[in-house]
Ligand SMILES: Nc1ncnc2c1ncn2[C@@H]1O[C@H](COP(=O)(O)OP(=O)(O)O)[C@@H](O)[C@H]1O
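This document opens with one chain alone, in structure tokens, the form predicted alone.
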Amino acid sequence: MTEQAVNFDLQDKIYRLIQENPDWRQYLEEMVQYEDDHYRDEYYAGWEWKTVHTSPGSINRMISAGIVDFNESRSSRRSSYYSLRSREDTRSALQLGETDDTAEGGPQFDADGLFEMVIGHDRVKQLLRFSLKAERPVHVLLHGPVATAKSLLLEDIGRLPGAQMYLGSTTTKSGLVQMMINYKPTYLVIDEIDKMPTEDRQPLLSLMASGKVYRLQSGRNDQVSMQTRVFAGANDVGKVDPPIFSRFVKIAIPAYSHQEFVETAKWVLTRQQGLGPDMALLVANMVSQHTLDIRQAVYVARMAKGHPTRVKDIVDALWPQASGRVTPLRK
């Protein structure tokens, strides 16, 4: 058989559906096993619903969800045959679910909707999910040029229960130590860690190396242990001192393509800024002609205040070198 490309989005969909429908696990396991055993048979047509001990209703729901296909050309009036959309992706999703169910030390969280605001970057999102669910802490550094998805990904982690999120340029050593001892966060998220002064990053070194945080106060040396996972973002990894840098799993985030930017900006503007889909698409398309920075699309949308005619005026005023003129802004 031809090797099939890994589909992380499909794996994630199957994983979520298993969480929502626990009885599907047994059905899907039987489907995978049946296809493993029979797909090389000379007259293999697929499997029937009763073969995998499920029901027509469940099969129809799986077809609607896009994880099972109806083999119309192989079916007849008397028999209906089906197959998994991807046996290997289904197998991977089942294994991921088993890891989550049996992990003793890993934190538990609802994965539904995590990273849905980020278009593309499927491999990055899957690596982040694996690190979030690892039994013992895995620290991750997202790095890449300005205006990629780093901040969007980190913001989603920052919304998880037990998370504390900070901006590197405004975080101090004493404040970081005080926060960690007081809250013992499950997830510590620091965007723009490359903008932190070296001395202010020092508490992270002991935390990531040994799981301990130290505080010298009033002649006492307090030592606190915690299972905190550090997730950070940086534009310039050269500014992160080597001892800390070496303790991260490094994940490079490539710049958005034009289409990815438009889709992501539209999602952010509709879901976070309350714009209608047409207005969001207008802003995304206009801004994409000059920059692929999601923040700029948000700022243009806020200034336009729902007026489509104002969008072009604002864009022309922000990037006059592109339009060749400075447009008087309409009131």
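Keep in mind the model is a prediction, meaning the values are calculated, not measured. Numbering starts at 1 and follows the sequence shown.
What comes next is about the form predicted in complex with the ligand, which does not appear here.
Participant: Quick one: is Q289 in contact with the ligand in the model of the complex, heavy atoms, 4.5 Å cut-off?
Facilitator: Because no heavy atom of Q289 falls inside 4.5 Å of the ligand in the model of the complex, the answer is no.
Participant: Any of the heavy atoms of S92 lying within 4.5 Å of the ligand in the model of the complex?
Facilitator: The answer is no: S92 has no heavy atom within 4.5 Å of the ligand.
Participant: Find out whether any non-hydrogen atom of Y34 is located within 4.5 angstroms of the ligand in the model of the complex, and reply yes or no.
Facilitator: Close contact is absent here: in the model of the complex, Y34 is far from the ligand, nothing within 4.5 Å, heavy atoms only.
Participant: Given that the partner is absent here, does L132 sit within 4.5 Å of the ligand in the model of the complex, heavy atoms only?
Facilitator: Although the ligand is absent here, L132 would stay clear of it in the model of the complex, with no heavy atoms inside 4.5 Å.
Participant: Counting only non-hydrogen atoms, choose the one of 193 to 201, 206 to 214, 140 to 148, 76 to 84 that falls within 4.5 Å of the ligand in the model of the complex.
Facilitator: It is 140 to 148 that comes within 4.5 Å of the partner.
Participant: Would you mind picking the one in M165, M180, L127, M117 that has a heavy atom within 4.5 Å of the ligand in the model of the complex?
Facilitator: Looking at M165, M180, L127, M117 one by one, just M117 meets the 4.5 Å heavy-atom criterion.
Participant: Considering non-hydrogen atoms and a 4.5 Å limit, which listed residue (L28, V68, V268, A301) is close to the ligand in the model of the complex?
Facilitator: Flagged contact: V268.
Participant: If we check the ligand in the model of the complex, which of the residues in 272 to 295 reach within 4.5 angstroms of it by a non-hydrogen atom?
Facilitator: Going through 272 to 295 in order - heavy atoms within 4.5 Å of the ligand in the model of the complex - the hits are Q272, I294, R295.
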